[in-house]
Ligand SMILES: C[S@@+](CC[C@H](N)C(=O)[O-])C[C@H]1O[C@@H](n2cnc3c(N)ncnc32)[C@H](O)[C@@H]1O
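One chain is shown next in structure tokens, namely the form predicted on its own.
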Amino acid sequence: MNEKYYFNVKRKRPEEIYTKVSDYFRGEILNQYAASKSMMRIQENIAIRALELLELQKKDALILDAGCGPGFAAMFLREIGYRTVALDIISEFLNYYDIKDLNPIITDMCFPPFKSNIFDAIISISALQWIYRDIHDNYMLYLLKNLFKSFFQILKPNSRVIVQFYPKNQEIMEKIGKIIADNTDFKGNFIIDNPKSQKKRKIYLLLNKEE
């Protein structure tokens, strides 16, 4: 990471206004999001970029989509041949489309109910900012630690996690990286596409579980 790189989003985002993600994604907002073709295209493009970074060797890899929302990325991964499990805490998202082939599970992504060493890869798109957005909140710290400890446990050796998210600023992003480094055996780094454009910027966290 270039130490000179700095960003701070001034406008308030939903995760700063609503305590829980389920408080925001409900009713008309949930329906609009789930029905949005534009959002579907955006998440498919993010999934394509995630696959580039994951560099999967198995064409039939088993992928967990953590915080899948309506299943945009998971459905795309399934269509191109990957075995996919979709997980989200909001039950209405998992009922929006016919995604039974994705083995949808309603649960908190910070506490994934899986055995050790079963996934070839884990992706998470646009969800992490709901889990950790305040560096002074101890409960958010607890959730973040448990999330990545759990990811490490359920991921196969020599496999990767890719997390795309929207941190408010550089401080939060770097704090997340430090917490993961201090509390797990993951090795990794941040990858920032279009770093100079607030509108086009995409931030990815790529983590490796080595043998």
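The structure displayed is predicted, hence computed values, not measured ones. Don't overthink the numbering: it's just position in the shown sequence, from 1.
Just so you know, the form predicted together with the ligand exists too; it's not on screen, but the next bit is about it.
Each of 43, 88 and 130 comes within 4.5 Å of the ligand in the predicted complex, counting any heavy atom. None of the heavy atoms of residue 64 is located within 4.5 Å of the ligand in the predicted complex.
By the criterion of a heavy atom within 4.5 Å, residue 101 is excluded from the residues contacting the ligand in the predicted complex. The ligand in the predicted complex comes within 4.5 Å of a heavy atom belonging to residue 107. Looking at residue 121, you'd find every heavy atom of it more than 4.5 angstroms from the ligand in the predicted complex. For the ligand in the predicted complex, the listed stretch (88 to 96, 134 to 142, 113 to 121, 75 to 83) containing residues with heavy atoms inside 4.5 Å is 88 to 96.
Site annotation in the predicted complex: the residue of 162, 155, 68, 180 reaching within 4.5 Å of the ligand with a heavy atom is 68.
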